[in-house]
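In the form predicted alone, a lone chain appears below as structure tokens.
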Amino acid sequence: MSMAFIDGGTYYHHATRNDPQFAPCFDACIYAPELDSTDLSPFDCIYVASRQDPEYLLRARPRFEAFLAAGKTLVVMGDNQAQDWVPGVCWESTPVNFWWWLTPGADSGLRLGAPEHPLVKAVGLDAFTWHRHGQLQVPAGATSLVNTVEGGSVFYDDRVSTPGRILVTTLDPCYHHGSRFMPSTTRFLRGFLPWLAAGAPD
């Protein structure tokens, strides 16, 4: 699968994209302010790294919609206001507890939604678990990989809202990996990115 990394120009995007363990997964890097003038058709998958300036993503919405209409895969990581530019996304902000695991007997509030999904098998619940900035309502027919105890999702796989495939999450692994804290984010990327680069197989 030919995959492009959307880079907002921050240190954590640069650190993640150029990490030797992840760089081979990407075939190109697209600077976010240039998205609305970039031809996305050479790629099979677009990876929108976490914590971008949503202005550039919103401007590129027609390109993303055309990309999905062509049956391709859009990956949207957290804190990108995806509800404004990705078809079918409904985001609900939730309180963020950055240090929940310091409380004896703490519960992350996350549960596996699709334990047989190949990504869940490649990553495991522990690597999906650090903290969450919100939850998603899952479109009818899409598959939630990781649920919240409140009844939402933090990661779903949507093959029904468009002719393409949308993998969307409220989690922000690039930010934490690139900032060099939250080791579970690195474990997540070690499972997720090779799976994507292999074509996100079933």
Partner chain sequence: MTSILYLRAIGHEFPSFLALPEAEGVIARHVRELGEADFDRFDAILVPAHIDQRALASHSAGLTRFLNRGGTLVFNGHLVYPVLPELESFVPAPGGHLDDLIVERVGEHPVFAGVEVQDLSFRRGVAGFYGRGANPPPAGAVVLHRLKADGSPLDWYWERPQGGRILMHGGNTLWMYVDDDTSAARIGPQLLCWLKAGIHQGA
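Note that the structure is predicted; figures quoted are calculated from it, not measured. Positions refer to the first chain, counted from 1.
The same protein has a further form, the form predicted in complex with its partner chain, not shown here; the description that follows concerns it.
Judged against its partner chain in the predicted bound form with a 4.5 angstroms heavy atom cut-off, the residues H14, P33 and Q52 are in contact without exception. P24 falls outside the set of residues with a heavy atom inside 4.5 Å of its partner chain in the predicted bound form. In the predicted bound form, Y156 stays away from its partner chain, with no heavy atom inside 4.5 Å.
Though the partner is left out of this view, Y175 does reach within 4.5 Å of its partner chain in the predicted bound form, counting heavy atoms only. Although the partner is absent from this view, Y56 contacts its partner chain in the predicted bound form, with a non-hydrogen atom inside 4.5 angstroms. Partner proximity in the predicted bound form, defined as non-hydrogen atoms within 4.5 angstroms of its partner chain, places exactly one of 37-45, 144-152, 56-64, 160-168 at the interface: 56-64. Contacts to its partner chain in the predicted bound form (heavy atom within 4.5 Å) from stretch 157-183: Y175, G178, S179, R180, F181.
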